[in-house]
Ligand SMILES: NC(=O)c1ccc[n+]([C@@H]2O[C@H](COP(=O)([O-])OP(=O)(O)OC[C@H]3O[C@@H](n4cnc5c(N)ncnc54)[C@H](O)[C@@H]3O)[C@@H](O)[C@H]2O)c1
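We begin with a single chain expressed as C-alpha cells, specifically the form predicted alone.
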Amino acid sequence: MVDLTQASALVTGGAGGFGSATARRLAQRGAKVVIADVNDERGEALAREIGNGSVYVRTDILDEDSIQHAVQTALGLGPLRAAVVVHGGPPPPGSKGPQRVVNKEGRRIPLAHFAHMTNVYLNSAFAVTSQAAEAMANSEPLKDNQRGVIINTASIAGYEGQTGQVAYSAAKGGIIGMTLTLARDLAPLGIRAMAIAPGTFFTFAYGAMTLEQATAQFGPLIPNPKRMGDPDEYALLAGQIVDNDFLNGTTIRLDGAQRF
C-alpha cells in the first residue's frame, strides 16, 4: 500500500470529471494533491474544496516545462507518491468530431490530425509519466522498496475503436501497449505502472447535456448496469490501485462489459 500521508499526488486533467473525482479520493487518503489543468476557475475551486494543502497549478500537458513546474510543485508539498494521468486536450484545428481516414468525398484526413491526437493523448502522457517517475525515483522508499504508482488513462477505444476514431484509438492503444513495459522498466525503482480503460462515463465532455439526456442516449449501450459510468467509479478504482501493491503492469477495463 502506498501511504499518501504527508505525501503529494499529481493529477493531470485534475479539474475535469475523472480528475476532480480522483483528486478528492486521493485527498481523502491524506495526499496533498496538485491539480494540474488549464481550467483556472474549476481547478482553484476544487483545491479550496478538498483542502489538506492541495493546490491548483495551471499546466499545459504539451509543454515539458509546464509539466516540470507541476511536478516540482508536488515535490514542494511532500514526496510524490501517486500520479494519475487523466487529461484530455484540445481537438485538432478545424476538427468537427470523429473523422474517417477517407471521408465520403474521398479525401483523407491530414497527417497533422493524426499527429495532434497522438501528441495530446499519448506523447503528453509519456511526458508526465517520465517526469513523475523521475521524481519518485529520487525519493526515499516506503515499505518493501515502494516509491509510488503511476496510473495512465487508456480507453476501451484502445481495444475496439468506433468509426472515425483511428487516431484516438491508436493513441489509447499506445497507453495500453506501454503499461507492462513501463512497469518492468520502473520495477527496480519500486514504482508501479497501471492504466485504466474507461467506457462511457458522464463527464464534462458531454457539455450542455444533462445526466438524464446522456443516460437516455448512451445508457442502453452498456450491458450492466444500464447507465453511464460515474467519474467517482474511476476515482474509486484509482484509489484501489494506489492501495494494492500487487496491481502492476496491466490495464483494467472499467466499462460495465461494454463492447463496441
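Given the structure is predicted, the values throughout are model-derived calculations rather than measurements. Residues carry their position along the shown sequence, with the first being 1.
If you look for the form predicted in complex with the named molecule, you will not find it shown, but the lines that follow are about it.
S.K.: Choose one stretch from 134 to 142, 184 to 192, 166 to 174, 69 to 77: the one whose residues place a heavy atom within 4.5 angstroms of the named molecule in the predicted complex.
M.R.: After filtering at 4.5 Å, what remains is 166 to 174.
S.K.: With a 4.5 Å heavy atom cut-off, would you call residue 59 a contact of the named molecule in the predicted complex?
M.R.: Yes, residue 59 sits close enough to the named molecule in the predicted complex that at least one of its heavy atoms falls within 4.5 Å.
S.K.: Does the named molecule come within 4.5 Å of any heavy atom of residue 153 in the predicted complex?
M.R.: Answer yes; at least one heavy atom of residue 153 falls within 4.5 Å of the named molecule in the predicted complex.
S.K.: Is residue 88 close enough to touch the named molecule in the predicted complex, meaning at least one heavy atom pair within 4.5 Å?
M.R.: Yes.
S.K.: Decide whether residue 17 counts as a contact residue for the named molecule in the predicted complex under a heavy atom distance cut-off of 4.5 Å.
M.R.: Contact with the named molecule, yes.
S.K.: Would you mind picking the one in 45, 211, 38, 221 that has a heavy atom within 4.5 Å of the named molecule in the predicted complex?
M.R.: When the named molecule is considered in the predicted complex, the option within 4.5 Å is 38.
S.K.: Which residues in 232 to 260 have a heavy atom within 4.5 Å of the named molecule in the predicted complex?
M.R.: Heavy-atom contacts to the named molecule in the predicted complex: nothing from 232 to 260.
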